[in-house]
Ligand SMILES: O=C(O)CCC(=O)C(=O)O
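One chain follows as structure tokens, the form predicted on its own.
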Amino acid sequence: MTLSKKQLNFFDTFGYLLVRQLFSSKEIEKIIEGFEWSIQNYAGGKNHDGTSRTMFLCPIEHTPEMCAILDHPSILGLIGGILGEDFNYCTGDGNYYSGNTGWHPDGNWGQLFAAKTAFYLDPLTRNTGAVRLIPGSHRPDHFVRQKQIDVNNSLELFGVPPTEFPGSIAVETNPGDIVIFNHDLYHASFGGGTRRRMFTMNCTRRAKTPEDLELAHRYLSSHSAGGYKLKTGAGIFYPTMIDTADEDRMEHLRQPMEIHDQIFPDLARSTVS
């Protein structure tokens, strides 16, 4: 897919983009199967009782079929349209969510450096856990950021519950729909059940300047396997992601691998026993 000028303007202005049915029903069925296998085998999903979130890193990296999501033409067109065709793939997380998640951004970069591509694997409405967003809150001049408002404390501050914070929206989705948003965008979820399935792909733009390299080092020092003290056996990625990669996929892996190995040399592929 190729993003239109209107879609790019929308993302730049509001900080997110919803693409309906980017994946077909057959494709998303296979993706859900792969997600379930991965969370059951790599995250203790079999023991999930709904009392708290079950989370694991690198959700698309455990089987060749899931790794191939990074090769999907529509995913490449979507993320590449936002961050540039030479974007860096920097893993992600998979979840059985339980209950609400409060308002938060995933970063405070003050610019479009990183974006999250979110896969919601169950039908979600505003009352059953659909992602909520505050459009425009990725921008440094947005009032939430300028006034340093604690959105989760809006009832005490303004007499308005966080679920009804002025300017927020609920993005209702069905499996196959994809939401991509700037890491700086405030988001939340309310009213979800005890096993809400969702996983993400976190990507950044390619570092080409000393300033970008500094950002990349800061990003990967926390948003990575090493940042979570996870031993994958292959550095930032699980081996399957690398071993099944062609040169086109490696274009999105190589720089994160190099930077991660610099930050966490004890976790580099050649040093992990």
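Everything quoted here is computed from the prediction, not taken from an experiment. Start at 1 and count along the sequence shown; that's the residue number.
One more form of this protein should be noted, the form predicted in complex with the named molecule, which is absent from this view; the next part is about it.
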Contact at E36, H48 and S52 by the named molecule in the predicted complex, all three, heavy atom at most 4.5 Å: no
The unique member of S168, T128, T194, T101 whose heavy atoms fall within 4.5 Å of the named molecule in the predicted complex: T101
Partner-proximal stretch of 79-87, 195-203, 150-158, 134-142 relative to the named molecule in the predicted complex, 4.5 angstroms, heavy atom: 195-203
In the predicted complex, D122 touching the named molecule (heavy atom, 4.5 Å): no
4.5 Å heavy atom contact, D106 and the named molecule in the predicted complex: yes
Contact test in the predicted complex: Y97 vs the named molecule, heavy atoms, 4.5 Å: yes
